[in-house]
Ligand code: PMP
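Okay, so here's just one chain, in structure tokens, the form predicted on its own.
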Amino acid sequence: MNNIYLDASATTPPHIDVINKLKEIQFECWGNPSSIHKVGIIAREILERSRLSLANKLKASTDEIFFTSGATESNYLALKGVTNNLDKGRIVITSVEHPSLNLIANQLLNDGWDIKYWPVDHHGIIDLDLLDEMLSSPTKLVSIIWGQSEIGSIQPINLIGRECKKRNILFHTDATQILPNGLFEWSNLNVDMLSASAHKLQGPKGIGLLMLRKGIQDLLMNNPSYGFKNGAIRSGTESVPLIAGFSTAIDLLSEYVEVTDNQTLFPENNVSKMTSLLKKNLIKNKQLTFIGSQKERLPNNLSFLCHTESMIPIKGREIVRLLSKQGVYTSSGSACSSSSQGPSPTLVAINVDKSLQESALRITIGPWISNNDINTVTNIIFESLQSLALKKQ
């Protein structure tokens, strides 16, 4: 069995330093950080040191970082929190959002908000010619996914955020897929609210963050139905081991992305090199059609449509299962929608031919992948596609 993991956008194996930190905190510093005795004070000190370390890495203030159970909850708190304190109007999201954001949008639609979907081109990039239309009155909130997990496309969030600021529109972005590929400088982003998860960057599951500009925080804290206490945006006892694990995972990252108006430029590293090498190998195969933007994309993401050489579709789930039997672990789309039946809304949004909308194969790479793994994966994918193609004849 090869056991080559190529599904980093779904989750990542926790780094050994993270595992050791979790063990250390769980066994030695298990106190409730709200307690005022010595055990609680130690736990609170660890929590705040972790927050400070994370804030320093992301060029933010400690009072702009709030811990949640993950990006899905962060998305919920951001959108539901601010809309509870705004007069109803329009919310704009893209047609390629994460399933969690679409679910929230549907709830807000039922609450009386107008939801408008910003169309994308066949690469998954929003149509900037529609910017004035999308940001016209009565738009009050815009939420744009920064890096799309299924097809890898990157949106120009700094440009959108700047235009939102001009019009006094709140702007949220889901940065879950960005952080594993490079640190960002929060102080230089035109963003009011940002969501992320630790388990996408070899941190622990069950912990995420919501970054909030100071002027936005009152909108979220002014809702007693969430059980807020002591200036928090959510109720419950903080998980100090998970927070320390998140901080440790962030500490393992050292390179920063460069965010311009129109681009997000990622640092070249081993992950991007391995991804480029695998892409070079796979695009030679006539049974794979590359999708998503060639340039504006996550540096660890490869997305293809699978078919025979005569373009008979091969379902993504078929190849994922066959590869899994051989110890190569990939996916056919977002992990949060993998159990749903029918075509991917993202593939529908980028106008993939209807016959191929269930034929996606997504490969996302992490720092544990080697040159030898790339060669092995290439051969196994080619053989698997040929095997499935024979059954279609």
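Owing to the predicted nature of the structure, the values given are computational and were not obtained by experimental measurement. When you see a residue number, it is the position in the sequence shown, counting from 1.
FYI, the form predicted in complex with this ligand isn't displayed, but the following is about it.
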Please identify the residue among 151, 78, 145, 211 with any heavy atom within 4.5 Å of this ligand in the predicted bound form. 145
Tell me, out of 367, 33, 345, 70, which residue has a non-hydrogen atom within 4.5 angstroms of this ligand in the predicted bound form. 70
Report whether the minimum heavy atom distance between residue 177 and this ligand in the predicted bound form is within 4.5 Å. yes
Heavy atom of residue 307 within 4.5 Å of this ligand in the predicted bound form: no
For residue 100, is any heavy atom within 4.5 Å of this ligand in the predicted bound form, or not? yes
If you check in the predicted bound form, is residue 303 within 4.5 Å of this ligand, heavy atoms only? no
Which single stretch, out of 259-267, 159-167, 309-317, 192-200, brings residue heavy atoms within 4.5 Å of this ligand in the predicted bound form? 192-200
